[in-house]
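Just the one chain here, laid out as structure tokens, in the form predicted on its own.
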Amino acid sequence: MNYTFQFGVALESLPALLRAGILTVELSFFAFWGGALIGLAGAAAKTFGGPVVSRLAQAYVVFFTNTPALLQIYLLYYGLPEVGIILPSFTCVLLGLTLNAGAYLTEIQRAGFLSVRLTEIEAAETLGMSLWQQIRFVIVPHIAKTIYPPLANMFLILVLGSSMAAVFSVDELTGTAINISTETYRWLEMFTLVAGVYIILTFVASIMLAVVGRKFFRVKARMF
């Protein structure tokens, strides 16, 4: 083997990779919060909805949790143009990740709803708390403490999963690395560097999520 490592070539591209890393975080952030809103509606539908609404929510969850996210994005990217709807690559990826995350977040948030014990509500009523006070001081803190760790893990999964956007020519971190590597032919060095950038991104995100969890929700989330 006569391969000579030239990490200097890869390091010259570090500023471009860091800018692409910002796009990766943005994509993950918007997909997470969009999925969280869908998950909240889905969890409410499965927990409090009637038979029809609950089954529709369950069908959504079953489809998106039992098929690959990449396949779902392919359906949006190549399927929608067949019916006259053409969306940019970034939009298709964001929509696909959001719908996929929403299915998992439906189950996570539903677990939070079910974790609230009736005895806690009854105790709050005995203390004379209003409905708003019960939600603020009993229900929300309990749900947050229950679901915050899996929510934090879901965000980290989205950060890493956003790399599939490269398949659709979105210049996030992996996509940018592919573009640069096709010009420099230093694939090994480039993707070794990209792996390091992903580790840094997830490490920083883990610390921030742990700090937020401990400060606002009294949750001892794992930092890394």
Partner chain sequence: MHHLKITNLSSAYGKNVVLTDVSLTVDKGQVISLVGPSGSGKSTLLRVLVGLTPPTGGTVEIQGELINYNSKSSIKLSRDRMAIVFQQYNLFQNMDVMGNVTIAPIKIKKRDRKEVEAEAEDLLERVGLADKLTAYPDQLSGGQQQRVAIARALALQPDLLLLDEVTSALDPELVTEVLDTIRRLASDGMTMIIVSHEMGFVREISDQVVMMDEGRIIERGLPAEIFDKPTTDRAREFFGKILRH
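Just so it is clear, the structure is predicted and the values come from calculations on it, not from any experiment. Numbering follows the first chain given and starts at 1.
Not on display, but discussed next: the form predicted in complex with its partner chain.
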query: Interface residue in the predicted bound form among 111, 99, 129, 116, criterion: non-hydrogen atom within 4.5 angstroms of its partner chain; finding: 129
query: Contact label in the predicted bound form: residue 141 to its partner chain, heavy atom within 4.5 Å; finding: yes
query: Distance check, residue 124 to its partner chain in the predicted bound form, heavy atom within 4.5 Å; finding: yes
query: Non-hydrogen atom contact residue 91 with its partner chain in the predicted bound form at 4.5 angstroms; finding: no
query: Heavy atom within 4.5 Å of its partner chain in the predicted bound form - qualifying residues of 191-217; finding: none
